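What follows is a single chain, given as structure tokens, in the form predicted alone.
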Amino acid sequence: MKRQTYAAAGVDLDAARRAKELIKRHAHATLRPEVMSGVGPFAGLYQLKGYREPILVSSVDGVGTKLKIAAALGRHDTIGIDLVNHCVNDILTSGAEPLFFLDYIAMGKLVPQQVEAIVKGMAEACRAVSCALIGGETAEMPGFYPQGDYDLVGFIIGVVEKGNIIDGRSIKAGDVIIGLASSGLHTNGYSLVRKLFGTEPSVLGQLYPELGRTLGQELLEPHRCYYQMLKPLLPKIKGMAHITGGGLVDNLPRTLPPGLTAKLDRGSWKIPPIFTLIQKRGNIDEKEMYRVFNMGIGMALISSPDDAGHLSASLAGARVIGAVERGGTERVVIT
């Protein structure tokens, strides 16, 4: 009987070792002084300092089928940025500072250079917000993922002083809603986009004058991170909604107290051309567009009228897009 090996079954331990060596330097460059374990042990150790009543804030997410666009174009250096920025924005809605991040990468055949490109993007995004890339898991799973496909998941831990938690409880009728511009689709709506356009490189490589670049370049634009711009302004913010899956319609109610409605003026911000292109291509109803896509608003802030002017003036590209009213039959009304 022929002697069997793990490599013959599709798992290359040597490739895994090479991948770990390639990504180690990228992760090491993100470590904060509080990290006690370095890169490599079975578990990451982090010493929490400088907080009186620390509340840990956590989130886990992926980047959806945007991975299909990255795979089709053979470009993997931005998808890690998407992952980190999405997770950072999620915990930011509670007012949290990002502390450390872990990732999970799984693919049918491990390609060390591809893994390095993904982790390099994650490390870049982590460094931008002083978040330690403290660990992760790279899994080779032959027979489970089709050739060229992979999955990517991120786990983030942040912290906020108990007295500084942003939870929306103080929001009331008359408060102002401020929209911060997205950088495009971010990480949502790609299953619909792929159905409409496909993922052939020739299609993704087509130049659209209204976009000023190719469709593929537009679709791979990284998810915008709002942490650095909002960090000094958090005391003036009553509530935040990260506009991800479900769009403005489903995400704004997550920060509103019961009995209140967000009334938005659709003419108060410019909708980026990518969304108009998608809508025309699929003959998509406007209500559906607002439920699937962010429509140009990546983060929505809620503040008192007294603070709204200062916030709008302090944030590049910010727009007052609506107000909070006493509740009706719908939690979000777009007029």
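Throughout, we count residues from 1 along the sequence that is shown. This one's a predicted model, so the numbers in the text were calculated from it and none came from an experiment.
Absent from the display: the form predicted together with another copy of the chain. The rest refers to it.
- Checked against another copy of the chain in the predicted bound form, the residues I91, A262, L110, L180 give one hit for a heavy atom within 4.5 Å, which is I91.
- For the options P142, G174, P201, P257, the one in contact with another copy of the chain in the predicted bound form, meaning a heavy atom within 4.5 Å, is P142.
- Put simply, P273 is far from another copy of the chain in the predicted bound form: not one heavy atom of it is within 4.5 Å.
- Of the heavy atoms in L22, none are within 4.5 Å of another copy of the chain in the predicted bound form.
- Although the partner is absent here, D250 lies within 4.5 Å of another copy of the chain in the predicted bound form, judged by heavy atoms.
- Interface residue remark: R291 is counted as part of the site for another copy of the chain in the predicted bound form, having a heavy atom within 4.5 Å.
- Only one segment in the set 72-80, 118-126, 216-224, 101-109 has any non-hydrogen atom within 4.5 angstroms of another copy of the chain in the predicted bound form, and it is 101-109.
- Using a 4.5 Å cut-off on any heavy atom, the residues of 57-89 that reach another copy of the chain in the predicted bound form are, in sequence order, V57, S58, S59, V60, D61, G62, G64, T65, L67, K68.
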